[in-house]
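One chain comes next, on its own, written as structure tokens: the form predicted alone.
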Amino acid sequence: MEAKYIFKRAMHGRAVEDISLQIEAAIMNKDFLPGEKLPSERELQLQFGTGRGVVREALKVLKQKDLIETKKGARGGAFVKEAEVGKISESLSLFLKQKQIDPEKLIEFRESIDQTITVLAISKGSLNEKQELYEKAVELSTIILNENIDMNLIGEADRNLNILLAKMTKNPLFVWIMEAVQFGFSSYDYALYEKENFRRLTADNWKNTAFEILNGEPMKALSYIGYHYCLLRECINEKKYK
């Protein structure tokens, strides 16, 4: 494959930084697409006018930023790495945990996000997706009615409902934010399932929300979203002042 001659000679005194920034800019500008191989170290040497050691150090910087990956062998070299939504979600989740955000702030954020997601899910979700959401909400109710309560199973069912709803928006940003919030702060949602009265109300509310989404009723669905967060606030306050 013919090398792309798009780089300028590296600046003296800060060659490693300059090379890594030039390559990063080329990746961001889509001069090199995910999965595409960068020019060889020899070709980069010629374009930047530096030694191989400097080029290798610059590639290490890009690898640390998770922008490229290196492969060995005859067809090896440095390749542009595709951003992984899972890793981005994990990073946001870790950030939220470390910041110890007040529950009320998170509830406020979640409620506003869920309202937007619900409206988009109704307008962009397919009939099959809406039917699946309702069926999974019914499954959650069935799990909760079981005499032997399995909190792990309940938590997984609740997360799956939230993530499926986000996927119905057809917007990957809502999906990875929802995944990050779910895995980062699932304990707040779990609070609703710890007591029988809140557990049953929450499950019924999920079923009602999914039913109105299936019927294409945004105002009714949003009213149930609001009720969910009223329950969550009541539940957390009850635990706080015990």
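In this text, residue numbers run from 1 along the sequence as written. None of the values given here were measured: they were computed from a predicted structure. Whichever C-alpha set is largest while still superposing within 1.5 Å between the two forms counts as the rigid core.
We do not show the form predicted together with the DNA, though everything after this point is about it.
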*Tell me which of 230-238, 7-15, 216-224, 20-28 has residues with heavy atoms within 4.5 angstroms of the DNA in the predicted complex?*
7-15
*Hey, in the predicted complex, is Gly49 touching the DNA, heavy atoms inside 4.5 Å?*
yes
_4.5 angstroms heavy atom contact with the DNA in the predicted complex for Arg199_ = no
*asked:* Can you work out whether Lys195 and the DNA are in contact in the predicted complex, taking contact to mean some heavy atom pair no more than 4.5 Å apart?
replied: no
*Answer with yes or no whether Lys65 is in contact with the DNA in the predicted complex, where contact means some heavy atom within 4.5 Å.*
no
*Residues Lys124, Lys167 and Pro172 all lining the DNA in the predicted complex, heavy atom within 4.5 Å*: no
_The single option of Ala191, Val61, Ile177, Val54 touching the DNA in the predicted complex, heavy atom within 4.5 Å_ = Val54
*Core-aligned, is the CA shift for Ala78 between this form and the one not shown 2 angstroms or more?*
yes
*C-alpha of Tyr193: shift of 2 angstroms or more between this form and the one not shown, rigid core aligned?*
no
_Threshold 2 Å Cα movement between this form and the one not shown for Met11, core superposed_ = yes
